[in-house]
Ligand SMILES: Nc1ncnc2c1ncn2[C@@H]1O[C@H](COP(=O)(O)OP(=O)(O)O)[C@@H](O)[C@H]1O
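Presented as structure tokens, the chain that follows is alone, the form predicted alone.
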């Protein structure tokens, strides 16, 4: 198991991702993307399709590992030389040929933890959780059951605890049930608590995904297009609920609905071609020439 490293992170930032690169063969999805997410704010990430937004989310949450651009360049340069590849590998592995270890490029910090290099589930256990463009709920479980399976490190997950810690398991189950009912009430979906996940509408699935996330009490919430496929009335309701979460959590949001972005965001980051090309308040972004060109072209 990889351990997160403790380092110094500015106190007003919940998360920082600095100089992040991600290559898929010859496709450079991220080229030095950098974001700093202020605590207890709603921060939006926008950009044209293919600009690298979801890829950045995937690296931040450890679904993808970042790329060291120097290694990618070396791989291209020595592609036709088997001996060259072996010598490069030996040099990095054992420090041979007098080569010094190069300083790492790119890092992701969540609060005071350097988390890039963790597995996906290890990153989730730090207090950072996310949703996806396509909701990932349990279709054969009820809404309430979906919430009850979400909390981390439940005592009943251990086989031996089923025999030796039954009292604690029952107490924990009661507490989780009460918490789940409170979340259902907060999201105003108590009336569907006994419906199966496969029976829900698109908007209800979005609310259920948000409810499952809240069961883990995250300090940083990453939302990937929460308004996709949701009608405007329900979308506004979801965003109002998300705004209320800023009291205890920080929200980092990818969204294509510009009305949502400009009406609800405290700050906006704009991506294009794998880089952050602008950041600022909604008013600053709305009049930024580089942003307008990225969306509409230089002739606009």
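Everything numeric in this text was worked out from a predicted model, so none of it was measured. Positions refer to the first chain, counted from 1.
Note that the form predicted in complex with the named molecule isn't included here; everything after this is about it.
- Contact annotation: the named molecule lies within 4.5 Å of heavy atoms from the stretch 46 to 54 in the predicted complex, the single such stretch among 46 to 54, 33 to 41, 258 to 266, 235 to 243.
- This chain is drawn without the named molecule; in the predicted complex, the residue among 29, 251, 59, 270 with a heavy atom within 4.5 Å of it is 29.
- The closest heavy atom approach of residue 13 to the named molecule in the predicted complex falls outside 4.5 Å.
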